[in-house]
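As structure tokens, one chain now follows by itself in the form predicted alone.
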């Protein structure tokens, strides 16, 4: 009976760890970023960013009618993590979900998500690369940023880069 309780407790521990690791990771990135940016006198929400390095898997503007006629609400953003137990954000995937079919359209790796103010601080030696990565992760996980990325991808699909 003790062995069964131990096995169940172990299973519950792993399930809880797997289910809470990503939200706790996101929360820790947010708190770390807020603390560091407050030290330097700016807010994460005030940072401007660039998604020029976004990787598109289709040509733009597209002539495919099912993509061209897609609604903005059909674009799905997924966060791409390295693992369940020790998550690290690798980037975000943007896909088109229509009629239960999922087609990947674009990917933004976290290393390519550049924030000019942080570039300047890193160049000056004020912050190091790991701090840059944690702040940019916090910015990319912000719901407002994700919505702007969705709008940018939609615009690129409709109009293209030029």
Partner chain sequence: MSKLNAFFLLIIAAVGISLTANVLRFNVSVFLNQLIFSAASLILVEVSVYFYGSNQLSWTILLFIATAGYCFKLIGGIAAALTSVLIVYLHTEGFPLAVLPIYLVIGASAGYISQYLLNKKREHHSWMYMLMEQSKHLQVFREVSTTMQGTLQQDLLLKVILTSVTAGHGLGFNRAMIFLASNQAKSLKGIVGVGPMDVKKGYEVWEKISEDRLKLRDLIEHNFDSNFTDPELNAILRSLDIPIDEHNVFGLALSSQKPVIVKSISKEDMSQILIKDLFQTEEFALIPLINQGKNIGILLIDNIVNKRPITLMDTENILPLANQAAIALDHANLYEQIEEMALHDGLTGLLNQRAFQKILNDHFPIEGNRNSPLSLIIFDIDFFKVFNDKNGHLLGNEVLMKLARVIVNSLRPDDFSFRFGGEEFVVLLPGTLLDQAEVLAEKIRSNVEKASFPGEKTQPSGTLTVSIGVACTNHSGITTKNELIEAADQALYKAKNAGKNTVVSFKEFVTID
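Remember, predicted model here, so these are calculated numbers, not experimental data. Residue numbers count along the first chain shown, from 1.
There is another form of this protein, the form predicted in complex with its partner chain, and it is not shown here; the text below is about that form.
- This chain is displayed without its partner chain, yet in the predicted bound form the stretch 120-128 from 63-71, 120-128, 36-44, 95-103 comes within 4.5 Å of it by heavy atoms.
- Proximity of residue 142 to its partner chain in the predicted bound form falls outside the 4.5 Å heavy atom cutoff.
- Its partner chain in the predicted bound form comes within 4.5 Å of no heavy atom belonging to residue 133.
- Heavy atoms of residue 147 never reach within 4.5 Å of its partner chain in the predicted bound form, leaving it off the interface.
- Although the partner is absent here, residue 154 sits far enough away that none of its heavy atoms falls within 4.5 Å of its partner chain in the predicted bound form.
- Contacts between 83-103 and its partner chain, taken as any heavy atom within 4.5 Å in the predicted bound form, involve 83, 85, 86, 87, 90.
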